[in-house]
Structure formats: structure tokens, C-alpha cells
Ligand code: GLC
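One chain follows as C-alpha cells, the form predicted alone.
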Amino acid sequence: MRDEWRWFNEARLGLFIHWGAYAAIGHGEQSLFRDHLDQAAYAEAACRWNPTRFDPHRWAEVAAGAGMRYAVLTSRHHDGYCLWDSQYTDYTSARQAPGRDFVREYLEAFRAAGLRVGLYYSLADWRIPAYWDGPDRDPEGFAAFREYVHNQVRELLTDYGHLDVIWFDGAWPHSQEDWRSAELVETIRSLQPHILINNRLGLADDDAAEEGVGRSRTLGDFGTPEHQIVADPERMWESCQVSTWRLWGYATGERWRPADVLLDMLVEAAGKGGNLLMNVGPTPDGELPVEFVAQMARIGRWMERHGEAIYGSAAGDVTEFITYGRQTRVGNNLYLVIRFWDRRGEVRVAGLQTPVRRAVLLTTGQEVPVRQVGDVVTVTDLPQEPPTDLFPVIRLEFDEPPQAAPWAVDRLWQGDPARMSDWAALRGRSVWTDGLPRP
């Protein structure tokens, strides 16, 4: 990993912001296509959209308060409406009703708050017939549209200062050869060599279809599993997730996921060695929904106390722990994130081969007794009532990185099942209760 990218693995939590003229419709970010709206009527409504309550400093305050370290804003989504003052189209927030360059305002506010900044850019533009026809049916039209795309990316990377992330989307149904994505990457590297580029620049001919819609193995610095948390063993990765049930852009009537579910996604991603990019769809007026602000405040309070278990964590699934919760690891410390506090006053962890030196209930800061017999570690004298309304955390300290016993290297339903045979044989080998054979 390049040194200038280490911040990404340290950050672990970022803010994804899906916001544009579609917010005024209130059916999510893809309503133009999914509701099959009239193109001209949609454009007229987009040009009238004027979010007078947009305050990027407030957005940045909420993000920082939640413990987020970076943010990514949709500069242009699939509907083609641009949130910056582009010289290549008048379909922008700067030239229509708002008269404001929202991208510039966002970047200045988030930088001032100490967060790293990124921009999302969709290669797709659903207004343009050549996008749908593609290079085979309309080679001239698609070539002109592709030049427009490349010009806009160059514009964002030239006129808006230092960016930490460029986050592409919308490559479907065209290949990276169609988009000339390798050429685009070369341009990006020449303009901002330090920048992180995601993996959604279209499939190459030798990419497997299971990589998903437009996700490539051959281009991009980090993976982007969507609506799921799947580790990428070959590169950095972040899981992008909604804070609602499904939609990314603002939607009236959408249901909100509770804070513990959102926090669990963060812990799972960190425990697998990746980031969580938590999405919000601001309101048509430009405010963060009150439900989101409330959930982020709860997560922020948890992170103030327990952030050491998240920031800079490595994959921490050292041994079996699913009956209690999840694990993260930082250096020689293993963090037990307790999703299910059983009020028994102790936590038992089997399969830890490395000698444990000390245990601390991180939630209260108190050292707690710990004993280890063989590969079984038991933390005792814990309060019966959970010490936080979210997830208590226990820090196990070792003199070296903790390792699992041979049987616990793999999880249940994984690995060589014969490794468990001797354990089962301790009872005996017959189906009878005592394990002894019957004549």
C-alpha cells in the first residue's frame, strides 16, 4: 500500500452523501428511470430545485461528531444534474435556480472540519440517447458523450483543489474499453497522483462477470461491495451501505435502520479489515434528516469511548465469537464487541492460543479479572446490566498479536471438519448418551 493511502485504512468510517435535484421528487436517487418519468418534465423540475437551507458546515459537524474521517458527495448522479459550475453544460446548480456551486461549498466546509474529501461521479447520464445506444449503435454520439464525461472528470480534478477520493459509478452496460477508462485513470493520476480511485470503471474483457455491475479487478485502488460486507483479500475495500432500508437518495416514507444496526455494520466491516461508507440522503431543502442526525449522535458517543477498537483496526476474526458478538484487532489488542450481553457476569472465549496478559472493560475503563485455561479465556466480574445502550467492548491485551488454536482458525462450516474429530471423541464414539458402544 502506498504511504499516502494509509489514512484510508485508519479511517474505517466515512459519510456517503446522495443529494441532487431528485431529492425534490422524494423517491430516491433513481426515480427518473425507476418511475419512468417524463424527461422534459424532470429537467424542468430539476432546474427549479432550490435548497435554500443547505449548510455544508452543519453536514460536516454531524459527520465529525459521528466519528467519521472522510466524506464522498455525489457531484453528478445518473440523472445528469451537476452540483458544480461545469463549463460543459448549463444543467448545474450554479446556472439554475440555486445559483450556487454546491461541490465547492461542500469541499471547503468538510476540509475546514478536518475531514478528508471525495467526489462521486456517475459515468451514466440517462438524458443522453447515446449512453443507451452505446458505441456499437451510435459510435459518433457515444464518442462525443464519452469526451463530455472525461472533460467533466478533468474539470473536477483541476478546479477544486486536493481530493482524497474519486468514486465512479454508472459504468453499466459498457466496458472499460468503451469508456476508455485506462486513459481516464492516466489523466487522473497526472492531475492528482495521490488520489484513491474506486473500482467501478467498467468490466474488462478478462474480468469475471461475478465482479458485479461495472466493477473491475484491473482498475481501481479499492473495492466497493454494496449493500453487503464482503472482505476483499487483494486490496483495500469499503462497504457502502444505506442508513435507511433501501434507497440512497431522499425518499418520503422511507424507514430508518436503528443505531445498533448501523453500528453493527461498522464493527463487521472493521472486523473484516475494511471501511464502512455510511449513506445519507439530505432533504430537498438541503438539511440532514433528523432521524439520521439522531442516529449519528448515538454512534458518535459510542465512538468517543470505543473508537480505539475501530480506527486503524485489522481483520479481527481471530476465533469463534459469534454467540457474543464481533472482534476487531489493533496491534496486540483484541477487542470483543459484545452485541449480546447475557447478564451472566462473564464472557467466555474459546480457541485463543496466545497467552492473555490483561483485560479491560473499555466501556467503563476498568480492568477486569481474566483467566486462561488452555485455549479458553474467561473474563469475569462483569456487570449484569450492559454498561452502554449500544455495544460494550472488552479489550484483551497480549504481548504479541493474538493467534487462534488450530481448531479455531476456521469458523464453523469452514475448513477441514476432521479437525474436530478428537474433540467429539472425548465423549465417546457411539450414539448412546454416554458415548459407549452397546452389545
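Each residue number is its position in the shown sequence, starting from 1. Bear in mind the structure is a predicted one, so any value in this text is a computation, not a measurement.
Unshown form predicted in complex with alpha-D-glucopyranose (GLC); subsequent notes refer to it.
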### Query
From the list 84, 248, 237, 335, which entry has a heavy atom within 4.5 Å of alpha-D-glucopyranose (GLC) in the predicted bound form?
248
## Note on the structure
Note: exactly one of 102, 321, 302, 167 sits with a heavy atom within 4.5 Å of alpha-D-glucopyranose (GLC) in the predicted bound form, namely 167
### Message
Contact with alpha-D-glucopyranose (GLC) in the predicted bound form for residue 308, defined as at least one heavy atom pair within 4.5 Å: yes or no?
### Response
no
### Query
Can residue 226 be called a contact residue for alpha-D-glucopyranose (GLC) in the predicted bound form at 4.5 Å between heavy atoms?
yes
### Task
Although alpha-D-glucopyranose (GLC) is absent from this view, report whether residue 16 comes within 4.5 Å of it in the predicted bound form, heavy atoms only.
yes
### Message
Can you tell me whether residue 339 touches alpha-D-glucopyranose (GLC)? I mean in the predicted bound form, with a 4.5 angstroms heavy atom cut-off.
### Response
no
### Task
Could you tell me which of 370 to 378, 64 to 72, 23 to 31, 44 to 52 sits within 4.5 Å of alpha-D-glucopyranose (GLC) in the predicted bound form, going by non-hydrogen atoms?
23 to 31
### Message
Need the contact residues for 76 to 94: heavy atom within 4.5 Å of alpha-D-glucopyranose (GLC) in the predicted bound form, sequence order, or none if there are none.
### Response
77, 78
